[in-house]
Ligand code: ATP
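So this first bit is one chain, no partners, the form predicted alone, shown in structure tokens.
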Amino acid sequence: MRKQEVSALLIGRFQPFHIGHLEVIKTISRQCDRLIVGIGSAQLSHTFENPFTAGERHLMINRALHDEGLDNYFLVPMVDINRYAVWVAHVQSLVPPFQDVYTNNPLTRRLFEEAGYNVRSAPLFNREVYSGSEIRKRIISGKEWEHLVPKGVAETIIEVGGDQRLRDLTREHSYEVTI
């Protein structure tokens, strides 16, 4: 009989995926047999808060985890449904079975606890430095940002023109960016 694998779920927007995210995933992946990484708000892109498509984020994360030698993960894009009463069932329909959920979002915690899951706090790594909004602001203002993301993420952002997209979005929508 096959040993019961422990699977965990982590959901994030990853706009963009940064070194803090990578450290969280490395920590969690040591605590489970496989990690399901949900790419949240998969339908959103081309805004300051969500500049990258689900496919671009998938590529960023896959490159970063591959470069770290990690292979015990699944990447699953997840579209928002904005109906909290059925959201956990929606997630369950998209991903392989899992037992544990890692989150720091109070609503996500409550919904998965109510559904009977073991919910743990996701570790945070240098949150004041590793922040998607900080990285987006740096890209827009032309400041150094590549050192805040894994190499494969920086390459992906440049390859897909994400850096220029962010600068264009701020000009088109007059976002206030202060660093």
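Bear in mind that the values here come from a model prediction, so they are computed numbers and not experimental data. Residue indices: 1-based, along the sequence shown.
The protein also exists as the form predicted in complex with the ligand; that form is not presented, and the subsequent description refers to it.
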| query | finding |
| --- | --- |
| Answer range among 60-68, 112-120, 129-137, 146-154 for contact with the ligand, defined in the predicted complex as heavy atoms within 4.5 Å | 129-137 |
| Partner contact for residue 92 in the predicted complex: the ligand, 4.5 angstroms, heavy atom | no |
| Contact label in the predicted complex: residue 99 to the ligand, heavy atom within 4.5 Å | no |
| Heavy atom of residue 162 within 4.5 Å of the ligand in the predicted complex | no |
| Heavy atom of residue 72 within 4.5 Å of the ligand in the predicted complex | no |
| 13, 18 and 124 all contacting the ligand in the predicted complex, non-hydrogen atom within 4.5 Å | yes |
| Heavy atom contacts to the ligand in the predicted complex at 4.5 Å, residues of 69-90 in sequence order | none |
